[in-house]
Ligand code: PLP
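Only one chain comes next, encoded as structure tokens, the form predicted alone.
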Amino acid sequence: MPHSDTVAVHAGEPTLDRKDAPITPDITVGSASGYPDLKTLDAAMAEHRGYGRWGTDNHRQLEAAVASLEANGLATRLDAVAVGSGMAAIAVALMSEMNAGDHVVAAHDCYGTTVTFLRNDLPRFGIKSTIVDFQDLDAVRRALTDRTRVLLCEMCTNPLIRVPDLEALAAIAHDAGALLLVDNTVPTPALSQPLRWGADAVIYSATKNLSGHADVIGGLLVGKPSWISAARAFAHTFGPTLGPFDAWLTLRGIRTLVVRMARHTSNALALARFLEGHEAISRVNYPELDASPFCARARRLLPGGAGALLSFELAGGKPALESMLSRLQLVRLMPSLGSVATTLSHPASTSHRGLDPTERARAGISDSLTRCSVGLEHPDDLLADFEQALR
């Protein structure tokens, strides 16, 4: 079995079956292919090739790479389908699996737009949802109905970095005849393989650390080939197509994924420990901290580390946050995460602004909560920037 960094470097490589084959993949920019005769055209259409909405070689290379990373070391073959965003991946995963009258149970600390989609959009298609705290396994069991088809949660939740008990949740889902879908965007397959712990399929926002350079909008679904085949068929019809250049950029980012995530993780732990000991900080959320209620579980499910994301609250509340932001020199404020540079976000204003105050409070999103996506800077420089900004 190769190591994950070797898989990241080589999976999905173009073949060397042509003269002067490129080491770096070509980018397919045409929206459709041309054919010399009806027989050739018919064969291509039967295989869903030759039309951009069905994907290009760039998509297939990316899908092969992510499926290989997710399956590395597992005794199962996986497939993947690339789509236009992380939310498109959520939508395809749920809508290809469920029909009108079906039911999904989701974690209340899922990404804010995921909760908005479950609450506002799926009911128009006759799909119901119940949103509960997935740390309370009895609450999850009570939420099940005879029409529950999916349990949905996140690994290293955004922005509180909570770690769910995937093995217990998988058992609950399977006992009910449902699937466990896990959004693994934050740790990426470099640090977490949810199928190892019983999940049935995995969702990614490729926009974040998977591509890693803040220049992509994309998403992926990973699962067993039969399930992905159905999801791909739905995506081909529904049409949330990923651009070929975004597929190319994401694959380029994956080549350095494992080494990037190692540095992201070590920097994040160093910053979390610094903030935990600073008098201006009232709370730090990072599962590798000894004081975290998720520390033991993270060490078991995430032995390589918990990834780039942490969050914290300042003792002085929102005014103190504004003061810190005005002093930071290396760190910028932005609504996304997963870049090579360290960035901050304000969840109440961005990812969770679609939730009402009661929903935000239930999810632990206060007005002073700050999310930090830790980058690849030298840790001494990063800590020094926060030190001077918190004076």
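A residue's number is simply how far along the shown sequence it sits, counting from 1. All figures in this text were calculated on a predicted structure; none of them were measured in a lab.
As for the form predicted together with pyridoxal-5'-phosphate, it is not shown, yet the points below apply to it.
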Answer key, pyridoxal-5'-phosphate contact in the model of the complex at 4.5 Å (heavy atoms) among T207, N267, S292, S129: the residue is T207
Could you tell me which one of G253, G305, P244, G86 places a heavy atom within 4.5 Å of pyridoxal-5'-phosphate in the model of the complex? G86
Heavy atoms within 4.5 Å of pyridoxal-5'-phosphate in the model of the complex: which stretch in 278-286, 177-185, 229-237, 95-103 meets that? 177-185
Heavy atom of Y111 within 4.5 Å of pyridoxal-5'-phosphate in the model of the complex: yes
L337, heavy atom within 4.5 angstroms of pyridoxal-5'-phosphate in the model of the complex: yes
Can you tell me if G218 lies within 4.5 angstroms of pyridoxal-5'-phosphate in the model of the complex, counting non-hydrogen atoms only? yes
Within 153-167, the residues having any heavy atom within 4.5 Å of pyridoxal-5'-phosphate in the model of the complex are E154, N158
